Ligand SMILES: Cc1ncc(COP(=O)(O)O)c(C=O)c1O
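Taking the form predicted alone, here's one chain by itself in structure tokens.
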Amino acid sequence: MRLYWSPVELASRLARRGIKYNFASGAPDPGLLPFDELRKSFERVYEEYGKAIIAYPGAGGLRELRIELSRYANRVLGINANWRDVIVTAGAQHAIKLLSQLLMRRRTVVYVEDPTFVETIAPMKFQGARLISVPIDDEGVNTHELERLVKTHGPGIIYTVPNCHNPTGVSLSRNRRKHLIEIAREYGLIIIEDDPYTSLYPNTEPALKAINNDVIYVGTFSKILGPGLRIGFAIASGELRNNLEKLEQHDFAASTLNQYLVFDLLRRGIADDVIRKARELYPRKLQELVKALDDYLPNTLMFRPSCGFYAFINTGVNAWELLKRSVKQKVVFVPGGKFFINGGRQNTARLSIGSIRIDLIREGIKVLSDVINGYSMTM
């Protein structure tokens, strides 16, 4: 299997070079991250747990954290999960990698939204899985097309980001959620739900896991408490849970110290405070991005985002060439071609509201518009 650099990583490297308008980063707004409370948590767990904070955490993750995560899942996500069914991982991508190792072999059929998040399908490709693209629109994945494809290619796994999709920002409609669950039951599909953003927005649709316990759920605290903590989790049951716990033990990738820190931030209500602030800020940032695109780059939005960090646009020109020019004007974004299962669509881009200040969004889109218009005139 040929390894390749993620376009998110390549674009993010450029963002470290004095970029003013960072539409590339998927990191959360730095103003929301609880730095001072993190220091307090370190002092608390240092005093309370001593040397245990640098010991092995135990297979499946720290018991205290797993209990708090089960409470969080119930309170914030509406998922009723026993703490034993919660497996701590080193971020959501680590959870996807472990699930890929457990569930996928060469030619395993995996249905994926097209476009989808490039970094989570990489380990599936590495396992040799056969990815089948399913079109997506403003109501999420087209479940009628999915059913047709399942009849053609047979049962397998569906990997989906039903809420606040990456990279399109759309959410699966209520009717399609119901249909997706019905398809899974009728044809024996395994659903892997990747859900980084639901907790950050008010009035989102419930997680698929809250509707059907057979769904394998993957969550993360990267967007709430900071990606550097590398704390994610999977919720599964039965034999899969047991095997996931055993496989996680192979690398103990999630730092014990970081697990204690997140445990303390959860039990003290700090994570809930961040979520409350995020639910006020991110909808405003996304609205600002969409309005700026409508004003300065009309008709470029390929999907109407409802939540999450992203908008996906048609640049009208080669996005990598455009990126080279926009960097000179201190604008960076992620070219969108690799988000498509079979590549192509080199004239697309993902724009993020995560890290950029809200007061810079409109100005940044105006600069990007000027770069695109200038590039188009030279072609």
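Note that the structure is a prediction, hence the values are computed from the model and not measured. Quick note: we count residues from 1 along the sequence shown, nothing fancier.
There is another form of the same protein, the form predicted in complex with the ligand; it is not shown, and what comes next is about it.
**Student:** Heavy atoms within 4.5 Å of the ligand in the model of the complex: does Thr120 have any?
**Tutor:** Because a heavy atom of Thr120 falls inside 4.5 Å of the ligand in the model of the complex, the answer is yes.
**Student:** Taking the ligand as it sits in the model of the complex, is Gly91 near enough to touch it, meaning that at least one heavy atom pair lies within 4.5 angstroms?
**Tutor:** Residue-level check for Gly91: yes, a contact with the ligand.
**Student:** Hey, in the model of the complex, is Pro196 touching the ligand, heavy atoms inside 4.5 Å?
**Tutor:** Taking the distances in the model of the complex, the answer for Pro196 is yes, it comes within 4.5 Å of the ligand.
**Student:** Against the ligand in the model of the complex, would Thr220 count as a contact residue? Criterion: heavy atoms within 4.5 Å.
**Tutor:** Yes, Thr220 lies within 4.5 Å of the ligand in the model of the complex.
**Student:** Suppose contact means a heavy atom within 4.5 Å; in the model of the complex, does that hold for all of Ser306, Phe312 and Lys366 with the ligand?
**Tutor:** None of them does, since no heavy atom lies within 4.5 Å of the partner.
**Student:** Within 4.5 angstroms, counting heavy atoms, which one of the listed stretches 223 to 231, 67 to 75, 285 to 293, 263 to 271 is next to the ligand in the model of the complex?
**Tutor:** Careful reading of the contacts points to 223 to 231.
**Student:** Go through Leu98, Leu146, Val161, Ala207 and name the one with a heavy atom inside 4.5 Å of the ligand in the model of the complex.
**Tutor:** Only one listed residue qualifies here, and that residue is Val161.
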